[in-house]
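The chain that follows stands alone, in the form predicted on its own, written as C-alpha cells.
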C-alpha cells in the first residue's frame, strides 16, 4: 500500500509580540520567527509512522511518501522525515504566496497522487497560516475519492483495509474502509512527531529530496484554480482587549457586594 502524507511548515506566530505585528503591504515580517511543523500535519505524520509499524504485524508493507509545497527552506524538514524512514521525501517547488489558495495546493497534490499512483492520502485538517480547512476536501473532490475528516486514529486491517477512528460531534466513530481514501487528521491525542536517532540520521537522512516543478505533475484541468486565485485585500490584527470597570468606593466587603450584584448575579442565573 502506498501512503502519501502531506504537510506544511509554518512560522510559530505565538512568538510575535504586539510590537512585531506590523502590517506592511498586507504582509507581516515573520522572517525572524522559528518555523515548525503545522500541528495537525505533525499528527498526520506520526499517525502514518505508527500505521506502517502496525502493518508489519499483518505481513503487510507500506511505502511512505512525504510531500510539501514550498521552497528549499523546508528541505531540512523533509530530511528529518527521511531519517524517520519515509521512503520518499518530495517538495513541490513554489515561491508564491499560497496561504489563501487551497484550490491550487489541492490541484498540485492531485496531480502528484495520480502520477505516483498513491492509495491513501493523510494530511492535517488545516494549517495555522490559512486556516481554511478546505485542502483535504478539495483534494478528495479532484481525485474522486471518499474523504474522512477529524481523524484521530488509523490502524491496518486484513485484505488491505484500514480501521479509521474519527471524532464526531456526539462521540467517536470507527469505520473499516477500503482505499483509496483521503484522511484529514484533527485533534488526535498523543500524536507528537518522534525525533530521529543520530544513527538513523546518518543512515537515512542523507538521502536526497525530490524536487518537482508543478508543470511536471499537471493532469486534467488542474490549472483552472490558478486563474481564479484569490487576492489578499487587507490584513489586520484582531483586537482582543476587553473593557474594564474599576470599583473605587467603599470597603472590600462593599466592593465585593457591588461586584456580585452588578456583574455576577445575572450571569450566575443563566448557568
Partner chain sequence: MKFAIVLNGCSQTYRSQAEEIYGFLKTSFLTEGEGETFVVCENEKQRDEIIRYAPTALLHLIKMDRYQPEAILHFIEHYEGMKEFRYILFPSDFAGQELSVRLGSRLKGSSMVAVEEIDVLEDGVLCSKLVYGNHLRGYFKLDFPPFCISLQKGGKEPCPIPVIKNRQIFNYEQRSDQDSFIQTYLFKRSEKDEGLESAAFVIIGGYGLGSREAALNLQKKASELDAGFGVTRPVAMNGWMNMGKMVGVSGELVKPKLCLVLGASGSAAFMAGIKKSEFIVAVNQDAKAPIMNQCDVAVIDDYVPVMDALTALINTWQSDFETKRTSE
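Numbering follows the first chain given and starts at 1. For the two forms, the rigid core is made up of the largest set of C-alpha atoms that agree within 1.5 Å on superposition. Bear in mind that the values here come from a model prediction, so they are computed numbers and not experimental data.
Only in words, not in the display: the form predicted in complex with its partner chain, which the text now covers.
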| task | Please run the contact check for residue 174 against its partner chain in the predicted bound form: heavy atoms, 4.5 angstroms, yes or no? | result | yes
| said: When the contact criterion is heavy atoms within 4.5 Å, does residue 52 count as touching its partner chain in the predicted bound form? | reply: no
| Any non-hydrogen atom of residue 131 within 4.5 angstroms of its partner chain in the predicted bound form | yes
| Close approach of residue 195 to its partner chain in the predicted bound form, 4.5 Å, heavy atom | no
| task | Only one of 71, 76, 96, 187 comes within 4.5 Å of its partner chain in the predicted bound form by heavy atoms, so just point that one out. | result | 187
| Pick from 77-85, 195-203, 135-143, 109-117: which stretch has a heavy atom within 4.5 Å of its partner chain in the predicted bound form? | 135-143
| Going by heavy atoms, what in 36-50 lies within 4.5 angstroms of its partner chain in the predicted bound form? | 39, 40, 43
| Does the distance between the two CA positions of residue 254 reach 2 Å or more between this form and the one not shown, the core being superposed? | yes
| query | With the core lined up, does the C-alpha of residue 213 move 2 Å or more between this form and the one not shown? | reply | no
| query | C-alpha of residue 202: shift of 2 angstroms or more between this form and the one not shown, rigid core aligned? | reply | no
